[in-house]
Each structure stands twice: as structure tokens, then as C-alpha cells.
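Take a look at this single chain in C-alpha cells; it is the form predicted on its own.
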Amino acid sequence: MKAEKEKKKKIIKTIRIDVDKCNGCRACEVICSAYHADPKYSSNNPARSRIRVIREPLRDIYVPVYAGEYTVAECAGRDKYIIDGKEYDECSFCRASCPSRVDFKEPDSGLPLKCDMCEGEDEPLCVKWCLADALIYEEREEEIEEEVEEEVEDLEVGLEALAGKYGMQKILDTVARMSKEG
């Protein structure tokens, strides 16, 4: 049975990045990894961070990228970007956690990471701690159509895929750890 579409207003939270202002201090990575430690602020492991600063050492260019949605397959796009004469692969700036990349994977479990905008805080801590003002928190309201039944089906498909890849025990352990944090 197909669910009826229901129009709702949703707050979309994003972080706008001003690459020209980023000085590569990595304070965003440090606070994010500390916030997501178990228990909160008990350790600092940049691999746990939901934001990464990509650096081009010869030109001293820094590009902060925060984790987006998980994708079960590699994308087909392999566009090239040229910044100050150096060519970059599209994957360098991609926000997704996907099978072909090690970025944005939980170091202990290997499960994909996604930025949660530091849920429960006034604004993401990476934005608050960015002394260069390279990260700007923005909210906007959008009208979306929701299909409740399909969302449940999508969740089940996603969990089945994760269980097939990582095993049910790893998922249960990660959910238990996450529920302690929240």
C-alpha cells in the first residue's frame, strides 16, 4: 500500500564553508572528535571527526568538508576541479561515506559517519570553534513531501545492508554506544 504524500515544513541545517578564510588550524576536527568521544570530551581522535580539513601543501590551501549521507555504491561522477592550477578529483571534496573511501568511517566499527550538527547544541561546535569564521551555520525552512511508509521501508533496507556488511552485533554495539552518548 502506497502512503499518501503529506506536505510538511522542515528546517534544513547546513554549514556554509568559506574556503578563502580557512587557515588549516583543524580546531573543527579537534572539537568534533572530542564531542563524539564516548563519554563526551574524554578523548580526541580526529578519525572520529565528522569534519575533515583537506590540505594542498604546495599552495597552502585548506578545504573543510563535513560528512554527508552514506552511499552504498561509488558515484559515477569523476569530475575534476582546478584550484590555483592544481587538479583535484571530485572525491577529494565529496561529503559522502562510500565503499571506495576511508573518509568518514567510525574508526572502531568501520560504520559510516554523518554530521549530526552537534544535536542538542545551539550550533555545531565546529562553527563555534572556528576562529577564522570559515564555517557559517545556516538554517532555512523548506516545504517537503513525506511518505511515512516508504521511510520505514528505506530504513529496513538500509539496516539489512549494514547488517550484511558489518554483522548485526557490530550494529547493535554501535547503537548501544550511540544511545549512551545521547
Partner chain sequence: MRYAETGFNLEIDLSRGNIEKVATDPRETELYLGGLGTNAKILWDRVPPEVDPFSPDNLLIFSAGLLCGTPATGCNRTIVSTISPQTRLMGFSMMGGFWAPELKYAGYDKVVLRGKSPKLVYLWINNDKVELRDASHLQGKGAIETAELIRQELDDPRIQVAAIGLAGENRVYFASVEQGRSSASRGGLGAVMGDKGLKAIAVRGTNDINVARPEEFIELCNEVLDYIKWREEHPIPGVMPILAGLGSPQEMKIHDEKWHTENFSWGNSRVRRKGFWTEEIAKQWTETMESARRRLISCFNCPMKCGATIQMPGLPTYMMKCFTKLTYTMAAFSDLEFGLKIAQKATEYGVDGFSTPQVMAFAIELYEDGILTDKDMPGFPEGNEERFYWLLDKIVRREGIGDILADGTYWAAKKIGKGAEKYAHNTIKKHEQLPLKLSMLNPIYFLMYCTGEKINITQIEGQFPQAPFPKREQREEFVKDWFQVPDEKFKQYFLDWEPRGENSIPFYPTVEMTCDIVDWQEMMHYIDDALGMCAGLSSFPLKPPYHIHNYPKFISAGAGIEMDEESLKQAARRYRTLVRAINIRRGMRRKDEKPPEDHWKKRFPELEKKLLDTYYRYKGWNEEGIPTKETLENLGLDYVSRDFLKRGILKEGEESSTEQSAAGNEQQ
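Numbering follows the first chain given and starts at 1. Worth saying up front: this structure is predicted, and the values here are computed from it rather than measured.
Here the subject shifts to the form predicted in complex with its partner chain, a form of this protein not shown in this document.
Among the residues 118, 53, 135, 67, the one placing a heavy atom within 4.5 Å of its partner chain in the predicted bound form is 53. Not displayed here, its partner chain is kept clear of residue 15 by more than 4.5 Å at the level of heavy atoms in the predicted bound form. For residue 23, a non-hydrogen atom is located within 4.5 Å of its partner chain in the predicted bound form, even though that partner is not displayed. Though the partner is left out of this view, residue 31 does reach within 4.5 Å of its partner chain in the predicted bound form, counting heavy atoms only. When its partner chain is considered in the predicted bound form, residue 40 lines it closely, a heavy atom lying within 4.5 Å.
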